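Here you get one chain, nothing else, as structure tokens; it is the form predicted alone.
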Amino acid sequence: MGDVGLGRGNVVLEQKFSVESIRAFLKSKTSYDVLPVSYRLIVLDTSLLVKKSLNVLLQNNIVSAPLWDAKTSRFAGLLTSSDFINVIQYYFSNPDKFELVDKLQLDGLKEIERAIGVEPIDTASIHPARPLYEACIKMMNSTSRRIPLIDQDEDTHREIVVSVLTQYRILKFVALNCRETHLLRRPIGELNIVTEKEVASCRMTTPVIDVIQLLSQGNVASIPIVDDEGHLINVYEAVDVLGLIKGGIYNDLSLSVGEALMRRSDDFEGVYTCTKNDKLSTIMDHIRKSRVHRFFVVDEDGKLTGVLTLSDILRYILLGETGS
């Protein structure tokens, strides 16, 4: 019995050591270090039509893009799928103004957001030479859960959009470069990082507009789809909404989730699941190998019990294990 207790004590100490090592690693690197040698950056002018910006995102298989105000030559915020969802909700509630949707420019989104009482476009940013740890903290406090890197031209002092850091890119960088991640051997159920209460879900028969409202109200990027017994069968994501409205479906969203999923693109990355007994080292290994954005926690019968997001993991690495 004493050996078992000693073994568990070692696991707890190793976990704490691992988290502290990863945190020190993040403090020793800059955001520049995370950027790949070659990458694509798409910046949208605020005078661009919302409809055209949607096509740009979908054609390039991205879900967010920095905005640029040509009048001030400054970064103007980060466009995300949430902004398109806000547009849908506005026109769904104001069908008499639907004819204006084709004329709406990106700089007009603030009026839409003000009208429906939601957060304005996120304008948080950080200089790429700042410590990566600092960028992570700023990202966690932003509404978009990603952080644009903004530099400045030394001669003209004009702002330069360098890239956008995402949680996935940072956690993959950690998984690839920190050997200490294999010491994260405590089950995730012990770490108080899984969201278990009030996890919103839907059925295949749920109208898409209801799911859009769940996405907006919960400020989440996906809603799990369950059957009548609570078994996880699929997921509806904010990016699925973008594909839907590309076809002009802004005001007729009474179609069901099941019908909407039939229009999903073939490059859907799939649903990733785990149990409360899985270790964070295993989770980080999945992030290293696959493009994962969240894990749905299920029991031995496949019933949904919770959600583990990249935000949860990053927050734990940044702030967890400080006193235990």
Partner chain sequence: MNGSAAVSSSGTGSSSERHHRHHHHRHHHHGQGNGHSQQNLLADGSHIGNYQIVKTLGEGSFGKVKLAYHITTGQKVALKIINKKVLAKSDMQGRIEREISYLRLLRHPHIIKLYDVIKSKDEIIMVIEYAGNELFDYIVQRDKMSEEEARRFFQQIISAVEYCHRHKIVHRDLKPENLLLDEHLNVKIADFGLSNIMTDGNFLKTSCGSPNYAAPEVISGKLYAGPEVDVWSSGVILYVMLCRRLPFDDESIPVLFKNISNGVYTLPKFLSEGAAGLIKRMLIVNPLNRISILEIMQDDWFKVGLPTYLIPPELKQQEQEQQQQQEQHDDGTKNNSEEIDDELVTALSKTMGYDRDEIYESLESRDRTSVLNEIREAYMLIKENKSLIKDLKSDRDRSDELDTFLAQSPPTFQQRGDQNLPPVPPLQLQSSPQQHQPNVSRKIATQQRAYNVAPFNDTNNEEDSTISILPTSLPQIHRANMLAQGLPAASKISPLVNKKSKTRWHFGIRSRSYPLDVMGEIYIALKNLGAQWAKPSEEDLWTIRVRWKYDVGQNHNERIPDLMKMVIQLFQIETNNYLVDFKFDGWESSSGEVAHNPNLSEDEMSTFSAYPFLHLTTRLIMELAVNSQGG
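What you see is a predicted model; the values in this text were computed from it and never measured. Residue numbers count along the first chain shown, from 1.
Quick note: we don't show the form predicted together with its partner chain, though the next part is all about it.
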Is there a non-hydrogen atom of Thr30 within 4.5 angstroms of a non-hydrogen atom of its partner chain in the model of the complex?
-> no
Mark Met204 yes when one of its heavy atoms lies within 4.5 Å of a heavy atom of its partner chain in the model of the complex, and no otherwise.
-> yes
Is there a heavy atom of Thr156 lying 4.5 Å or less from a heavy atom of its partner chain in the model of the complex?
-> yes
Residue contact check: His293 to its partner chain in the model of the complex, 4.5 Å heavy atom | no
The unique member of Gln217, Thr72, Asn192, Asn141 whose heavy atoms fall within 4.5 Å of its partner chain in the model of the complex = Thr72
What residues of 264 to 283, in sequence order, lie within 4.5 Å of its partner chain in the model of the complex by heavy atom?
-> Arg264, Ser265, Asp266, Asp267, Phe268, Glu269, Gly270, Val271, Tyr272, Thr273, Cys274, Thr275, Asp278, Lys279, Ser281, Thr282, Ile283
